[in-house]
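Structure 1 and structure 2 below are two forms of the same protein chain, each written out on its own as structure tokens.
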Structure 1
Amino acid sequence: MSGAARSARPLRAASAGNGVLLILIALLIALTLGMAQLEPLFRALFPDLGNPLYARDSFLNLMLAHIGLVLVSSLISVTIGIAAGLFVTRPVGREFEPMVSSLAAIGQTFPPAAVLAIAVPLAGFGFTPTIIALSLYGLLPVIQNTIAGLGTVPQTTLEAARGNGMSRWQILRRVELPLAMRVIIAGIRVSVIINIGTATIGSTVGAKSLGTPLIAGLVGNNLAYVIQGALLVGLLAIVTDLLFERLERRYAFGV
């Protein structure tokens, strides 16, 4: 991921943006590791609370668990989503394209929290239902953008590639995928950002994440826990979004 951040350096505007990104990353790491050092601050802010610092688990563990949930589910969504998008844009699967597209569109109207709740009767409590819900939900924007991205490749470009004697596989790998990559990455970005949010709610179905202190604070009326969880998960989402923005820009050919 740091490679993506580095690549945008030549542009002056981008390097100003890089400064913000680096500060946010530093803040994210510092808060994850050093939340305990802020205990006096939380004690001063919330004098009524006996326990102003979430201590049942370290914030590093919670952060890693959260990133793990998002990473595993996103890997599943990206693999299946791109494969499905490729299948329905090849001659063999073109018949399925309208249905898969409308399924992806309708599925995205389902509220993520409701999808998460429905995974519980199917898979019980804990890590598994959260992964199922996150992967299924994250699939939809990836499929949609893979189809859309491959659809933007001009017909003339494909004909030129065919005229050059490239095989179907070569055309896919050297022409279609590189040209569609920016749109595909935009889909992955949407999917990952939604999953960071839904993983937070995953703690209500028993998956450990940064939502654990947040929800514990809401239930136990401990505002300090809420702020600690919310700050970290909010920073994680913003940093991830900015990293994806860099990555997208890297694939913008003359756009």
Structure 2
Amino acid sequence: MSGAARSARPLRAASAGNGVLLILIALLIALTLGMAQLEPLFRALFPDLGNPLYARDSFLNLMLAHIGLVLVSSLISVTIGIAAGLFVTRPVGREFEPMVSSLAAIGQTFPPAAVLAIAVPLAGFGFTPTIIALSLYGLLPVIQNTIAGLGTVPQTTLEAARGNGMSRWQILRRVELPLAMRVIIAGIRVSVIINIGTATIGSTVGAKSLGTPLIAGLVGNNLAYVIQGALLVGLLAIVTDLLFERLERRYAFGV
């Protein structure tokens, strides 16, 4: 096989991947804006249900509220996680690495429902306790991958940077972070995907999200509501994952 043919294969794969991503984004938007158009389908699938289409709020409002929960909680998780990872990989904070990793692990293994139960009496119902639970739950992948990514930077590269007269800040900004960024983004990717799914439980304490039709369906024994909410959550997670995959590739190939 010629070199041209070998180089064309990854390009074709990337093009096909982009096509799938565009189709999924279009499907997500179409379902978010036009779920009501599927009411005849849900009536046919669930003839015993009096209300087969969730109509207490628009799916667009639920989607925007869900994305807002994920964005705010992920921003908090990423900010704290990267800062903690940077701190424990510096000489001054290296001795705290086991403690920070253990605390982050506890935050993820502690059930989000339990965090909500503790946070509600302190912060009330709705947005705030949900953000607390999601932020704690998303910390571990960010901290672990920040530590792992910075740990993969070759010592020879660091020594060469010091030999060129770079300060510690310049080495971190120009050498360590660019080389570790792909691994760090992989951790952020896991954290965000976890939060997309976990954000649905916020509806149990009054937070508006795509979990609202899910909870309503479970409480009211309405499978159609559950399918509608789960379909949008699943598509949102898949689309977000594919977008992060492309971001990782950019750092992998330096483009």
Partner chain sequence: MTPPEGRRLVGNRVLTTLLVAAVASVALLPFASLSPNRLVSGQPVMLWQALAGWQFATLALIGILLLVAALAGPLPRRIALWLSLGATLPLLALDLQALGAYAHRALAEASPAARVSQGATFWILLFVSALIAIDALQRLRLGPSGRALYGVAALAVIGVCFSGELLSPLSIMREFANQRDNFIDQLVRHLLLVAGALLPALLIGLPLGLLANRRARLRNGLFSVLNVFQTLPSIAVFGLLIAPLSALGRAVPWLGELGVSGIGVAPAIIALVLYSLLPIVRNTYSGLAGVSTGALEAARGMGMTPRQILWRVEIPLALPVILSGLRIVTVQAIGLVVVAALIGAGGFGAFIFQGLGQYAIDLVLLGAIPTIVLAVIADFALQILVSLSRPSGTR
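Computed from a predicted structure; not experimentally measured. What we label the rigid core is the largest C-alpha set whose atoms superpose within 1.5 Å from one form to the other. Please note that residue numbering is based on structure 1, beginning with 1 at the start of its sequence.
Where is the form predicted on its own shown, in structure 1 or in structure 2?
Answer 2, the form predicted on its own.
Can you tell me which of L75, E97, V153, I67 is located at the hinge, considering how the rigid parts move between the two structures?
Checking the domain motion between the two structures, the hinge sits at E97.
Smaller rigid part versus larger: rotation angle between the two structures, in whole degrees?
That works out to a rotation of 9 degrees.
For A114, tell me the Cα shift between the two structures once the rigid core is superposed, in Å to one decimal.
Shift of A114 at C-alpha, rigid core superposed: 4.4 Å.
If you line up the core, how far does the Cα of S102 move between the two structures, in Å?
Superposing on the rigid core gives a C-alpha shift of 3.6 Å for S102.
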